[in-house]
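The chain below stands alone and is given as structure tokens, in the form predicted on its own.
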């Protein structure tokens, strides 16, 4: 039997924190029937706990995908510790447990970001002139990976030439979101939060700091379009499956190299 475990952060204060994980797990069950015998959700700050999730599955072939944007404390320390993982592949009690990387670093993430932006702009008029895509990250000066993944996706999108400009802004590191939005030289500015779930920052902090009035905010010099977090987009379910497949393929490739 084969299982997919999707790990989320969760929150005792924000009930929407775990919602995307449940939604993506449901989509995987519906759209990938037969690929996984079990699809299970678990969390750091909510039940079911990641510490007990391996007791909840019967499969001997398990892939763990963290529903996180970047590498950091949780993906590198907390999840491996709580699940008792030895590295990318753990063999224990007759089971093989593969541990995937976070979603934000995966090559398919730019596609999801662009889908989120397309959905936001659909049916809405834009001004004549240039259109900029601005990726909004949390960022932290304590972990370079947090901001690095936002820059990584911005560069990948920039290479495609879809938007006239692709910029990045952060809550807790430079450049600040407000400064980037004010300074971007475009008549249309599309803001996409590179977050997994809705929360205080996406619903309160960012809109208040930027003076946004909803999905569309008209200013004298530009129109600002504000999207939902990329992690809530339905296509993330496909991204999770692709990440799991890539992890399985990497293990098979390593096994061939060893033999």
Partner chain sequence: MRATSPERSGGEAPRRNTAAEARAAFAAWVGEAPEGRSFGQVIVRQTPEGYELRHAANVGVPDEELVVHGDPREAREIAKLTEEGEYRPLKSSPNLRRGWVLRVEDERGLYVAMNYLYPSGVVHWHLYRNGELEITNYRENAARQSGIYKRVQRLSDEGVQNAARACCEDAVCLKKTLWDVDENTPRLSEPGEGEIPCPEPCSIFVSFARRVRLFERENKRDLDAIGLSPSEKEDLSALVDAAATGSVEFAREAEFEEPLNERRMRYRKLTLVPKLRPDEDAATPDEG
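Bear in mind that the values here come from a model prediction, so they are computed numbers and not experimental data. Residue numbers count along the first chain shown, from 1.
This next part talks about the form predicted in complex with the partner chain, which is not shown.
Asks: For the interface check, one of 228-236, 202-210, 189-197, 54-62 should have non-hydrogen atoms within 4.5 Å of the partner chain in the model of the complex; which one?
Replies: That would be 54-62.
Asks: Please check if residue 73 has a heavy atom lying within 4.5 Å of any heavy atom of the partner chain in the model of the complex.
Replies: Within the cut-off, so yes.
Asks: Although the partner isn't part of this model, could you tell me whether residue 44 comes within 4.5 Å of the partner chain in the model of the complex, counting any heavy atom of the residue?
Replies: Yes, residue 44 lies within 4.5 Å of the partner chain in the model of the complex.
Asks: Contact between residue 94 and the partner chain in the model of the complex at 4.5 Å, heavy atoms?
Replies: Residue-level check for residue 94: yes, a contact with the partner chain.
Asks: So in the model of the complex, does any heavy atom of residue 31 sit within 4.5 Å of the partner chain?
Replies: Outside the cut-off, so no.
Asks: In the model of the complex, does each of 14, 19 and 82 have a heavy atom within 4.5 Å of the partner chain?
Replies: Yes, all three are in contact.
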